[in-house]
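One chain comes next, on its own, written as structure tokens: the form predicted on its own.
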């Protein structure tokens, strides 16, 4: 099962996705994994990481740091991928993958063959601003990734001010 949670910054998408992952894990015997994709560059990044650690404290997650690749070894569990946007930025700008979308889709497909995968992604398409060519390329690839993953997903939820708007499937 693939579940996709999207929304703007501070929309509550991460908390909704965490609750979904926990509910899915309650019905399975495998582990509950938190795939942390963010590279921490500064104090703001450290604050964001600490906020997310506090949010999931005591909830049973095993944290796997994976900014450069997604570990596809777990089997029979639930994986919360936090988040697709960071994973793509790392693939494009740090790792310089030639086909970042292909790499990431391959990783998610491999994970989904053996696990339930709950994906958090960002809605960064509505601000109307113009960006440099590399940022525009990132936005384009993220949009295509989001569309492809939503086609594959059984559940697609947009978080609007912490309110889940279900576009596909039913909340578990």
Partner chain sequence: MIVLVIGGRAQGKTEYIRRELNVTDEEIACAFGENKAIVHLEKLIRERGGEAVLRELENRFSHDCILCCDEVGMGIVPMEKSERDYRDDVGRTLCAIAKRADRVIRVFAGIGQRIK
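None of these values were measured; they are calculated from a predicted model. Residue numbers count along the first chain shown, from 1.
Here the subject shifts to the form predicted in complex with the partner chain, a form of this protein not shown in this document.
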- Query: Can residue 69 be called a contact residue for the partner chain in the model of the complex at 4.5 Å between heavy atoms?
  - Reply: no
- Could you tell me if residue 18 has a non-hydrogen atom within 4.5 Å of the partner chain in the model of the complex? no
- Message: Whether residue 27 contacts the partner chain in the model of the complex should be assessed with a 4.5 Å heavy atom distance threshold; does it?
- Response: no
- Query: Would residue 11 show up as a contact with the partner chain in the model of the complex if we use heavy atoms at 4.5 Å?
  - Reply: yes
- Using a 4.5 Å heavy atom cut-off, which stretch among 143-151, 121-129, 32-40, 107-115 contacts the partner chain in the model of the complex? 121-129
- Tell me, out of 49, 62, 103, 139, which residue has a non-hydrogen atom within 4.5 angstroms of the partner chain in the model of the complex. 139
- Heavy atom within 4.5 Å of the partner chain in the model of the complex - qualifying residues of 157-172: 158, 160, 161, 162, 163, 165
